[in-house]
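To begin, one chain is listed below as structure tokens, in the form predicted on its own.
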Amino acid sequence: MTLFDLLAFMPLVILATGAILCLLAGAVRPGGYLYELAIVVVAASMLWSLALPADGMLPGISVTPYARFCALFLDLAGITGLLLAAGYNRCRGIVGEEYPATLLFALVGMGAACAATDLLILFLGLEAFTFAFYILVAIERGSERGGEAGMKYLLNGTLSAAILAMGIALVYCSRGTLQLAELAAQGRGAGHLYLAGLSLILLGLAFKLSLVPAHLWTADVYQGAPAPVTALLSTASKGASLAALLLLMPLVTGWPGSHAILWWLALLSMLCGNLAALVQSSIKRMLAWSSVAQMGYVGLALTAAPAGGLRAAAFYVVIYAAAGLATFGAVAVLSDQGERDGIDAYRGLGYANPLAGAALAVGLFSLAGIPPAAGLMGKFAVFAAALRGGETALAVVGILTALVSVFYYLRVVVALYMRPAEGECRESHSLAISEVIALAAPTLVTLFLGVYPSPLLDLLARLIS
């Protein structure tokens, strides 16, 4: 390892060291400033990446501009999750060191997955942050719904890990290497073992992205997990999984049969996600099913990879992450001692808590693709790539399902501002500085990217080739 390699990998080292420090600090002083310590650690990792953007390589992992961008994106989501969780968890008696330490470990796994150069490190990174989310989903020990969600996520996640591992084993048996570059260089010549392995790898990643048919866990887990955890599970986890899938796309696009798999994943996800979201009365279940549909639009972009679909998919996930953090952040802030889950429970809250109501409305506008929120730019990029790639039928289905989604997103906005609260609408609790930042930052990013998306698109064009 050279000095430059050490400098390049220091952000991951800082996060891992910070996770251990959180555990030790929690043992010495339970309930101390652990969330503040975790935020400082993540901020230090980000500053190191920005101040010393060095490239480095170790066996199985390589820090590149693409890996640094993904790490910065995930770290920003992690900071937002910590800001949301600080007050939310203390209000519910979740005061131990487990939450911030586990979140830091999850960020380490995400960073490793985004920088992987072979399938083994990719698998370890994916399962490291998935294992962390098993803990975070069930972090509220007194919640029966949270325990059920954690068990369902664990069982489904274990199955997906086994499928992913089997796929990697079959690829290794057929090609004799796990290196992504070597696998891509071997070209289109593929045997049955190799194709079976790639299919299983795609199915394992479909679970991470909540793509149909590996999606049935999503609604129950999103509803049962604490709102700040759901915010990260729907944004950072999806972003890291897509970053890993983009690393595999040179292998996938070299196999003609992969197009059919991605096509059906996208079609079924857009249809099932949007249709199921129409009938939900729980806002978290509605957002969960809409997450399935949103990942279907990402799958639509991936089917048009040669026509700029990879850049469109990455751009869409960044926009979706900002909107998801705003919406789930508002759900966390507007919840009192118990989770405010029913859509009717949000009647009149746009006036009782203007900042949270505005963040929720802007996030929902973005998810629906209504200007000036960034969702319109994201959907335009996805549909434009699909049309350039000749996926006209799939693009038409995507546009029609996007129109359907406007109905169930605007139901919540109507409840916020156009329906009086049942009984007396009392003023919501005053927001802490951490909650104001956690709501304002993704909301402003959503509005900024809706008006001026060019810098991000140009950056992604340089990073993804």
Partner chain sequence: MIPNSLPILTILVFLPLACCLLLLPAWKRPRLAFSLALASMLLELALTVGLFASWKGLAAVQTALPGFLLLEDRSWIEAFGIRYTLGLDGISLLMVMLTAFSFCVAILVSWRAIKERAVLFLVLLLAMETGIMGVFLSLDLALFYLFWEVMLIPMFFLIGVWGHGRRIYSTIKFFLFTLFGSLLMLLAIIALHLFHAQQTGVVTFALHALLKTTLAPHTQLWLYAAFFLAFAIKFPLFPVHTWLPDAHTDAPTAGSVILAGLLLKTGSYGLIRFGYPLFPQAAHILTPLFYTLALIGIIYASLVAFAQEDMKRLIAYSSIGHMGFVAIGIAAWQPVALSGSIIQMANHGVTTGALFCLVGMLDERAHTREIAAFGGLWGKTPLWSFFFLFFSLASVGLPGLNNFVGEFLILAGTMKSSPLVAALAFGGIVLTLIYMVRLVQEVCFQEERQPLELTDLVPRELCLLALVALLNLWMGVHPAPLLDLIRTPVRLLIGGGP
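This structure is a prediction, so every number in the text was calculated from the model and none was measured. Numbering follows the first chain given and starts at 1.
Although it is not shown, the form predicted in complex with its partner chain is what the next lines describe.
Taken together, the three residues E148, W217 and W289 all stay farther than 4.5 Å from its partner chain in the predicted complex, as judged by their closest heavy atom. Its partner chain in the predicted complex comes within 4.5 Å of a heavy atom belonging to F380.
Proximity of A384 to its partner chain in the predicted complex falls within the 4.5 Å heavy atom cutoff. The closest non-hydrogen atom of G157 lies beyond 4.5 Å of its partner chain in the predicted complex.
Although the partner is absent from this view, L205 stays clear of its partner chain in the predicted complex, with no non-hydrogen atom inside 4.5 angstroms. Proximity to its partner chain in the predicted complex, taken as heavy atoms within 4.5 Å, picks out 451-459 from the listed stretches 21-29, 437-445, 451-459, 8-16.
Residue-level contacts in the predicted complex: of F315, F328, Y222, Y346, one residue has a heavy atom within 4.5 Å of its partner chain, and it is F315. When you look in the predicted complex, the only residue of G197, G369, G78, P226 with a non-hydrogen atom within 4.5 Å of its partner chain is G369.
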